[in-house]
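In structure tokens, one chain follows: the form predicted on its own.
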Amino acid sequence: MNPGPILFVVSVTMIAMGDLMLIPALVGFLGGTQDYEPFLESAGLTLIPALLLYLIFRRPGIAIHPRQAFLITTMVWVVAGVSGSFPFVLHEHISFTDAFFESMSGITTTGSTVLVGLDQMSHPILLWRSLLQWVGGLGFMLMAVAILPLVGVGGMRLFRTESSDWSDKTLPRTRDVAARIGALYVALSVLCAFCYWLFGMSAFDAINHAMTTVSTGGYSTSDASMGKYDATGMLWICTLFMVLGSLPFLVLLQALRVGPQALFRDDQVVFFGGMIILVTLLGTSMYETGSGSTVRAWTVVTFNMVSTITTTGFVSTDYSLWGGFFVAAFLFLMFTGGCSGSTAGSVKAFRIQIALKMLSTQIKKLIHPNGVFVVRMHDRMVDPSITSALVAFFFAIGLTVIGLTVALGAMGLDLITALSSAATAVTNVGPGLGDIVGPAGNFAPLPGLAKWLLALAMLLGRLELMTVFVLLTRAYWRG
């Protein structure tokens, strides 16, 4: 295991994080306050060691091998989380535990927070939270396109493209795909910000919410989240861009080139859209409108359910007060997620789709023991190795949630708080359930050890679990 390429990529990550800190520093400086100083200090703490590592380990023609990709992927997210915590410590004067939790929640686009009083916080720190999620969403999307298919994690090899090959021959193609995805990501963010501004948000709030909507992150500039902008039109704008952020960006690029029919030809997109329609219609039928209108009920239910399905985590109201059906529904919706190659986290639509097809195939085999049945997706047979990886992924996510729930319960948390905290961290959704971590709550009251475990769970969930679990095996380090 040659550490040179690994440390070189780490140094590039740190340089990117340090440069990113200069944006809120500039905002603070132009605002005429001293809020820019913590960001300049944080940038110095990040850039100085980063530049040293870069100069030491920079080599021409560095090649990254599949085995190194596991360690690089994990280290990039850990380093980004650590360096991202510096501004929270220096600006908000919170503990490193809380700062790392907030930073990891941001960079993994989870959206859980320990900060209160967001409405009174300065613009630079609010912008920093949004930038973390925006960069994290783009970073994960590129990782899902270029790295995860390469190492075959959790069935992601099903979506392997030319951009997944890191050889010298196809590297220009990889860069071209990454550039197009980045351009589309920026364009959607700008369009989303314009729509928010058009519907009544201030320019600053519109920019911040656009970054955390398209990245399906869910950080807001207000403690009330989207409840502060509870107009019907605003919620539908947010719903639209949460869905767009949850679609495969490669398919979106194809749709821009050949037309919207590209979306309807993609099995995963069709399944994801059908799942959203089915769930929201069921939720609306169960919602008690009281004296409100049906349109308003449909809007509120659709917004909050889509926010959970897409792992964004915005809330417009405390949906845990809607009754037992919705508490159970939102808990299970955490384990859905968007499409592969999107900014969304959780299980992903394609895994649920293949699992249902595997169930159907197994039932047919029981009825016709001598029959030959295969699981197909995108008009081709799903390789048995992919279904095996899929089963392993489902077992890993279930085992992780159970183990984390037990650990949190041992710290004195009640079952709903422990289970929903574990689930929302692993699936990168954001808010949990119950009075403490629910839509109207906050993760600040949790014990310090619980926050470290949840931050680790966010990392595990964002990196598709198996990417990190591989590093815990003796076989990996022995080669």
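Residue numbers here begin at 1 and follow the sequence given. A quick note: this is a predicted structure, and the numbers were derived from the prediction, not measured.
FYI, the form predicted in complex with a further copy of the same chain isn't displayed, but the following is about it.
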Non-hydrogen atoms within 4.5 angstroms of a further copy of the same chain in the model of the complex: do 362, 366 and 473 all have one? yes
So, in the model of the complex, is residue 70 in contact with a further copy of the same chain at a 4.5 angstroms heavy atom limit? yes
Would you classify residue 410 as touching a further copy of the same chain in the model of the complex, given a 4.5 Å non-hydrogen atom cut-off? yes
Against a further copy of the same chain in the model of the complex, would residue 317 count as a contact residue? Criterion: heavy atoms within 4.5 Å. no
4.5 Å heavy atom contact, residue 466 to a further copy of the same chain in the model of the complex: yes
Out of 396, 78, 94, 251, which one falls within 4.5 Å of a further copy of the same chain in the model of the complex, going by heavy atoms? 396
Sole residue of 402, 270, 281, 116 within 4.5 Å of a further copy of the same chain in the model of the complex, by heavy atom: 402
Segment that reaches a further copy of the same chain in the model of the complex - one of 182 to 190, 132 to 140, 328 to 336, 213 to 221, heavy atoms within 4.5 Å: 328 to 336
Suppose contact means any heavy atom within 4.5 Å; which members of 410 to 436 contact a further copy of the same chain in the model of the complex? 410, 413, 415, 416, 419, 433
